[in-house]
Each structure stands twice: as structure tokens, then as C-alpha cells.
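Here's a solo chain for you in C-alpha cells, the form predicted alone.
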């Protein structure tokens, strides 16, 4: 029976554990020069409606390194642009491909493809969620801190799609998550409330970034204006300026705090240049780990 990853709610705690364990093993094996060609003969479709650097390249490299073949599909080059029904596209692609990773605006489009497809469908980003990003982030935190249960993660900035996936992960795993978002830029109420109901008192929401990072082991931030919000950029810069992750904010967390950003980063906006380039920053390890986590996802979905 095929399995999709449309949100992190599709995964059990055991699924998380298996993916984290496998991704760390795959990284160690690659660093030791041990190859893995278990997906030889398999083809991954990458249907992208949004620009991408890390997500596209890491999925393509992951598939190649596992012996399979990635096939990039710009949505604008498909018949979806001419109003072909989503279900028809999904049924046809299921005859050609072994899995489909989709990066698009609409969660509904993604779910429509998954409902009609007979192959695994992976959310490579929608406006609502970014599950694969948070999976690789969890891998990075586990790698750096040794466990997840006793780690406080502070999110500072917009309540966006990455935030929503952090809320889902926290609800499933019981993570200690503190969110600092300006009024009017909180996560979607239904996603937040569901996570609060499932995650109990380990999820907190505040408008004060200083409060959020107090005793934090991890500080995480993202761009203030996501793709599709460019027209709001100037207004958002004014609203979010007090939420910049600078040296003062970092100093209010634990002494050994690590700083994360899913990139691309705008230095001098959501994060100060001396922070992202400083000793607390692990953003480059974080970016690399997308490759290893994507390998783990593909192996789990495409092998018995």
C-alpha cells in the first residue's frame, strides 16, 4: 500500500524515528565512501510550480546517489496549465513514475494529485506546509544536540508554512516549541489549535521574541515575506524588525544555543550577518542534511 507525505500528520512517532535513524546512517555511510544503489531503475518526478535551489537539487542528487533517475517537470510545461483535471494528470504520471515530489502553492492541488495517484506523493513545499524541511531540521538538531525530547526550539518570525510543519511535528513528537510571531502574523488558528490540543503545554505562542528564546537550545528563523508575498515586503520589514535574530537576541538563549535558517536568508532582515556567519550558526549543515533526509524518505517510500 502506497504512503504519501503531504503533512507531518501523515507520520507516526515511529515513522519519525525510522526516518531520523536512517538519514543519520545514510549520512555516515556517504562520509565513509559507502555507496547505496537501492533505487536503481526507479524514477522520481519533481513537479515544481515554485522556484527552488535546495529542495530541487537535494531531491535530484538524492535520487541519483541512490541509483535512480529524477525527472524535473515545470508545472507550466504540463497540461495542467491548460486545465487538464488534476486526477487525470496523477493517473497518467502514476504509469510513468515511481514517486512524485510536488512543490506548489496550493495544498489542495497536492492533495488532489495524491488522491488520484497510485504512487507515493511527497510535499516538497506548499503555502501551507513544508514537511520535508522540518524532517531534515529535526535530523540536524538530533545530530547536534543528541536528543529531541529535552530540547527547546524557539521560532522567531512569521507564522508560515515551516511554522505549521513545526507545529505538526511538535504535536506528534511532543516537542518543546516556543513561537514568537507579531500580532496578525500568527500561524493559522486551526493548525495551531489542533497542535495545542495534541501537544499540551509544550507549545507556547508569544509576541515577545525575548520570552521565546529564554532557555532555548535552538533559535530558528525564516524570511519575513515568503514566495507570493513580495508585494507585502516593505510593510513586513517594518512589522518584523523587532524580530530580527541578532547577537542581542542570541545572547538571551542558552550559551550553547544553535541558530537555524532554512534559507534563502536576507542578511540584515530576519537574521544579522554576524549571526548567520557566526559560531552558533549551523545553517550549512542544516542545508546539507536535506540531501540525507530526502534519501531516507525515498528509500522508505520506494523499498519494501
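Computed from a prediction, not measured in an experiment: that's the story for all the values here. Numbering follows the first chain given and starts at 1.
Quick note: we don't show the form predicted together with a small molecule, though the next part is all about it.
Among the candidate residues 179, 139, 117, 162, which is the single one with a non-hydrogen atom no more than 4.5 Å from the small molecule in the model of the complex?
Looking at 179, 139, 117, 162 one by one, just 162 meets the 4.5 Å heavy-atom criterion.
Residue among 253, 66, 275, 262 with a heavy atom within 4.5 Å of the small molecule in the model of the complex
Of the listed residues, the single hit is 262.
Quick one: 125, 223 and 226 and the small molecule in the model of the complex, is every residue within 4.5 Å by at least one heavy atom?
Yes, all three are in contact.
Look at the stretches 105 to 113, 88 to 96, 154 to 162, 70 to 78 and give the one with heavy atoms within 4.5 Å of the small molecule in the model of the complex.
Comparing against the small molecule in the model of the complex, the contact stretch is 154 to 162.
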